[in-house]
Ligand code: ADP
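Have a look below at one chain only, the form predicted alone, in structure tokens format.
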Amino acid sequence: MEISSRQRKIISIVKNNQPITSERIADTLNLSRAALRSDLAVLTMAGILNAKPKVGYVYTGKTSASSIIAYLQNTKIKDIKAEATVVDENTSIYDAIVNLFLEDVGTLFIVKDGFLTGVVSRKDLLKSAMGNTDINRVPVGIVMTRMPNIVTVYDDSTVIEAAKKILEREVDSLPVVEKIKDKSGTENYRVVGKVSKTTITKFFVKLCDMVEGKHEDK
């Protein structure tokens, strides 16, 4: 992460006057608060500055590189996850293919009684459609990858953990699940989202934009 000259001035102002509000920082630099939003967002995101509600900004003493690494290691899946496309395992392969294209996704998560039982990819469905399978009659549960051979992540998993699992297992998407135990103590998994290569790519692009000062607070 490269610190711009204006960001260095902001750090210096905060160091010498902390805690200090964004209004005072803007006045010192003879700028508007709006003009400083992206700089303050980057410095706060990087952990160089800390924003204290009703108090102002303080300097943490951290370096930019170590702060970015810490940010990546601590960003949780719940902060970036997307909505998962879920179908029942009795859904026909044909209807599963229709869902795949209507939702514009590469992976469907299969459930029974509301709990995760399998995953089916675009490749799995393509193989079925090209073979001798009667896709209008055969349920998607026949061609899916079943539990426990499914890699999952949780809301409190980190982005780095998810990225490593996607690379190691060479899959496009992982289900984000919550673990639920029934009365007998059996563990079931409810799908609460997904994280995919696209999701993680969007996260890194946004992070790069923030580092470069292109991010704007809304």
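Don't overthink the numbering: it's just position in the shown sequence, from 1. These numbers come from a predicted model, not from an experiment.
Note that the form predicted together with ligand ADP isn't included here; everything after this is about it.
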(message) Given a 4.5 Å cut-off on heavy atoms, tell me which of 170-178, 53-61, 22-30, 36-44 is the interface stretch with ligand ADP in the predicted complex.
(response) 170-178
(message) Taking ligand ADP as it sits in the predicted complex, is Ile150 near enough to touch it, meaning that at least one heavy atom pair lies within 4.5 angstroms?
(response) yes
(request) Classify Ser121 as contacting or not contacting ligand ADP in the predicted complex by the rule of any non-hydrogen atom within 4.5 angstroms, answering yes or no. (result) yes
(message) Residue-level contact is defined here as any heavy atom of the residue lying within 4.5 Å of ligand ADP in the predicted complex; does Thr75 satisfy this criterion?
(response) no
(request) May I ask you to check whether Thr145 falls inside a 4.5 Å heavy atom distance of ligand ADP in the predicted complex? (result) yes
